[in-house]
Ligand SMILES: Cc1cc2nc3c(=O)[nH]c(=O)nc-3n(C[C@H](O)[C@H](O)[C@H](O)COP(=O)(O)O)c2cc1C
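In structure tokens, the next block holds one chain alone, the form predicted alone.
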Amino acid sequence: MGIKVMGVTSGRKNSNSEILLKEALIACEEAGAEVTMINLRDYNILDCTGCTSCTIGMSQGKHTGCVLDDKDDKKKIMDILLDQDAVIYSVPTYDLMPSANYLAFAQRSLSYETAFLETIGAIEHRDRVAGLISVGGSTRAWQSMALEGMQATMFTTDMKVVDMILATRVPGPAQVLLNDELIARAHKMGENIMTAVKTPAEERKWLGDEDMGWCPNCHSNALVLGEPQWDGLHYPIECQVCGAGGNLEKTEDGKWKFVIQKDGLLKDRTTVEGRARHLEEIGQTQGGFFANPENREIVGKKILRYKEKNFKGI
């Protein structure tokens, strides 16, 4: 069976995000991949309603799907996307984060949580890889949560990110075409994707820029002070994206680096096992709420204060 690679973008037609994605896909096609590409602007994607139907089902050991499955194009896209060996995402950032239309699409993926669906036998495990491209008009300073925001949407569909590109200082339409190095880097991403797909899953590794990011596990550039988690686990410093835990240590040349401690990958969100621990949390918090009738009775009484209070709108 041939290698399937899909490209997903959410930027302007024939502009920077789409151009870089196409260059990466050209490399995949040249290496023999069957390529599919979509621009989310061509599809109707509704926002997650926050109904929690999917997570309620998860906490009860059931696969309910999404209540919006028959109302927009999300499921139609996911049926194809989840049948790929690799997916390359190319997304513009207008203000620090990935574009809103991409996030609306990605945040609807909770009902496809592979760690849960595999656990109950609803789907078979499939190893996929991903490449991420973030495009913006400024330096990292104004794209500081762009790649990290995209990384955070990879976990639910079990995409192993093997390469990332932060395309900076290209605000004008198709301005990226003036930067031959960036075009070449996008082509290299396509080559890296094909290398990863052809590598046994257990041997796949990071193929992007060696020194990218603070975190040696997921290569994100975002660290936060740790705090006690729901089960009491605590790390001094955590990777904001993958959840790796450890501390900052000074190297011999006086620089700081993030060192993951011995048990620091217990809740690594890039793995099925790590995400399964979050399902335990859902089972305790949400499952516990619905399992106790007293909780709903208390909420039912207290919520009247807010249901009966209305303010002037616009």
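Since we're looking at a predicted model, the values are computed, not measured. Residue positions are given as counts along the sequence shown, with the first one as 1.
The discussion below concerns the form predicted together with the ligand, not included here.
For the chain shown alone, residue 137 is a contact residue for the ligand in the predicted bound form, at least one non-hydrogen atom being within 4.5 angstroms. Contact check for residue 233: every heavy atom lies farther than 4.5 Å from the ligand in the predicted bound form. Using a 4.5 angstroms limit between non-hydrogen atoms, residue 213 is distant from the ligand in the predicted bound form. A residue is said to contact a partner when one of its heavy atoms sits within 4.5 Å of a partner heavy atom; residue 96 meets this definition for the ligand in the predicted bound form. Note on the interface: of 149-157, 86-94, 219-227, 186-194, the segment with non-hydrogen atoms within 4.5 angstroms of the ligand in the predicted bound form is 86-94. Contacts between 169-208 and the ligand, taken as any heavy atom within 4.5 Å in the predicted bound form, involve 170, 171.
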